[in-house]
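Let us start with two forms of the same protein chain, each given on its own as structure tokens and named structure 1 and structure 2.
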Structure 1
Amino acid sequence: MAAGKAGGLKRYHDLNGWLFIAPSILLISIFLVYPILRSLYLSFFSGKGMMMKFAGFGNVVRLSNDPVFLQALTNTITFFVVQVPIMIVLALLLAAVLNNDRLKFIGFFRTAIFLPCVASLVAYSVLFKSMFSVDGVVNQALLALHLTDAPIGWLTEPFWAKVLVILAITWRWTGYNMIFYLAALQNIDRSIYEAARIDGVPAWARFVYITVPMLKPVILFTTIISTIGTIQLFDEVYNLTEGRGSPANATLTLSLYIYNLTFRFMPSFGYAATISYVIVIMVALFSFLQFYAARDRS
């Protein structure tokens, strides 16, 4: 009798639990799970527009012979390998310094450094485009400071275009990551730092041996989120470099290539879907590696 009642209660609670998560599960199934499976299915077809026929692994063969794809892949990897570490280290340093309440104007600094991630992606791309024009304010400043002899072709030279994209993403997202670290730091007991200070542990060592290990779960989380974001890079490259990834495809990313294949050129859904799976595999692989690296050290 008692067991029966408990079982009934459990069933009641279970039903309630399901009701709470049902809307998300339903939406995720329709708008995430179904499309990702559909993408996989599409990747076995080739053809233009709605005229599609089964191609087996034909698209994969096409991938390996497509120089534009290889360029987009290289660019995407370059962006994330260079940008994510720079941003994470910068965000950590800023958070560590901003965690010191004894500094003056701390509120101002925190807000100022967070502010870029409030800016609209399109708006900041446009701002960077005008700031980094040949005669623009950045080149003028660099010339005035004698850091360069001639204006840099930020938007016209392949190498500098890549640098510009990296600068832009770093500007926009460092403060966002910093907020996660700052929030995590505020939850760390201050007495640990006080004790270390009294023991004469220098500031850099406190950072490396206390702050970084304490923040490891948050660092892992932000690194994975940033990796996913950078591998999917689209808005910035589309708006900074005329929608094509110019100059000379130097800033063409995989997402931009997929967009071009689907909506700019004659649509080849199957081939584009195949490339989207390259992104899926990359994200899965890098997330796994980061999890693995984080686990290994502990």
Structure 2
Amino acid sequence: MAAGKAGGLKRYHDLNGWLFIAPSILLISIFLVYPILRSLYLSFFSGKGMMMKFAGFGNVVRLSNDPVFLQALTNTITFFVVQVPIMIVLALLLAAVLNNDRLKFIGFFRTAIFLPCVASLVAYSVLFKSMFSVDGVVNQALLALHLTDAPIGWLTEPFWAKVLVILAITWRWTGYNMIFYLAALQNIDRSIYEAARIDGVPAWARFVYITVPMLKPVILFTTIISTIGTIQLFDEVYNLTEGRGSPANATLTLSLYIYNLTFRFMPSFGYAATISYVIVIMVALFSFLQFYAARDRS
């Protein structure tokens, strides 16, 4: 009798648990699982709407013969290789400087550096386009300092357009990573630094051999989320180039190319879905390599 009542009570609690998480499971299924499965299904088809036809691995073969895709892939990898290390190192150095409580106006500096990542994306894109236009304040400053003989075409020359995108991403997201480093730095036991200082260890050595190793988990985390964000780069390029990835596709990324294939050019949902899995593979590969490089070799 008691065993039966206990069993019934357990089933009642189990049912309540499933009812409690059912809305979350439903939402995840609708907005995460279904799109993943649907995009995988679409990747085996070409065309659109009623004109879609089975293409097998035709979209995969098309990738290697598509110069625009290869350009977008090259641009995405370039942004990842150049921008992520700059942002991680800069955020770490800023956190180390702003971890000094004796610094005046420390709250102002922390807020000012973090503010861009919560600012309006449209507002900051308009600001950058204005600052880096041919007659913008940046070119005027460079001319006044005699660092260039003519205005730089930040939005019209392929090389400088890439530089502008990297500057925009770095300016927007460095403060976000800095906050993680600040929180981690404030949790390091000060007695470790004091002992090293008493032993005569210079400041640079304390930073390299104490601070950096103790921040290893946070560095790994920020590197991975920065990698994911850069490989999925879309917002900054879309707003700075009005969705074109100009000039001459010099700033076109994989995410922007997917958008154009789906909503701007002749729709090709299957091909766009195939490219989205290229992004998935890249994120998984680079994340694995970062985990492997950061593993505990002891």
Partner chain sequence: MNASRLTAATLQYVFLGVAAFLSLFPFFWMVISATNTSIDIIGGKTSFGGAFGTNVTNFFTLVDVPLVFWNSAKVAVLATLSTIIVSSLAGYGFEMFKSKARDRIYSLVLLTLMVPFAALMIPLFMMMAKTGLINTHVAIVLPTVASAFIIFYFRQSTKAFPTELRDAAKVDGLKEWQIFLYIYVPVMRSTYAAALVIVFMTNWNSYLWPLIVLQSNETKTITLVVSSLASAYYPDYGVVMIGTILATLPTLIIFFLMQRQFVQGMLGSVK
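Structure 1 provides the reference sequence; residues are numbered from 1 along it. In this text, rigid core is short for the largest set of C-alphas that superpose within 1.5 Å between two forms. Remember, predicted model here, so these are calculated numbers, not experimental data.
**Asked** Which number, 1 or 2, marks the form predicted alone?
**Response** Of the two forms shown, it is structure 2 that corresponds to the form predicted alone, while structure 1 does not.
**Prompt:** Fitting the rigid core first, would the Cα of residue 284 be found 2 Å or more away between structure 1 and structure 2?
**Reply:** Stays below the 2 Å threshold, so no.
**Item:** After fitting the core, residue 29 CA displacement of 2 Å or more between structure 1 and structure 2
**Value:** Yes: residue 29 shifts by at least 2 Å between structure 1 and structure 2.
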